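To begin, one chain is listed below as structure tokens, in the form predicted on its own.
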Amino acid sequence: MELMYVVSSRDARALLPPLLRATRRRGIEWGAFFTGEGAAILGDAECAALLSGAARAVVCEHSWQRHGDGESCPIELGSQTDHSAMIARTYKVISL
């Protein structure tokens, strides 16, 4: 994967959609991993829709249980092991 977003802050809600739209316009293969408070962003319908273009989008299962407000998860549930595996196959990482 060329680019990966690691989202761990709830404050990334304003930054992530424009970054994902720009990434899609450039035709870059990208992925995303959500952890901690960053999992709460998945409740935003626009963010969830933009993630459909990801090569892979995963949220830490424990973070989703804590910040997902009991909703069904819109992306793959995973673990920090998935995070490590994704990082190992990525050329550039943007942490939000």
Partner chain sequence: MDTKTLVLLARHDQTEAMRVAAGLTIFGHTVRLVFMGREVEDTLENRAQADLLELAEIEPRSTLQTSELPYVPPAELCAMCLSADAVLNL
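Small disclaimer: the values here were computed from a predicted structure and weren't measured. Residue numbers count along the first chain shown, from 1.
One more form of this protein exists, namely the form predicted in complex with its partner chain; it is left out here, but the text below deals with it.
Hey, in the predicted complex, does Ala88 get a heavy atom within 4.5 angstroms of its partner chain?
Yes, contact at 4.5 Å.
Evaluate Gly53 for contact with its partner chain in the predicted complex, applying a 4.5 angstroms cut-off between non-hydrogen atoms, and reply yes or no.
Gly53: no contact with its partner chain in the predicted complex.
So, Gly43 and its partner chain: in the predicted complex, are they within 4.5 Å at any heavy atom pair?
No, Gly43 is distant from the partner.
Report yes if any heavy atom of Leu3 sits within 4.5 Å of a heavy atom of its partner chain in the predicted complex; otherwise report no.
Residue-level check for Leu3: no, no contact with its partner chain.
Let me know which residues along 46-85 have a heavy atom within 4.5 Å of its partner chain in the predicted complex, or say none if there are none.
The stretch touches the partner through Cys60, His62, Ser63, Arg66, Gln80, Thr81, His83, Ser84, Ala85.
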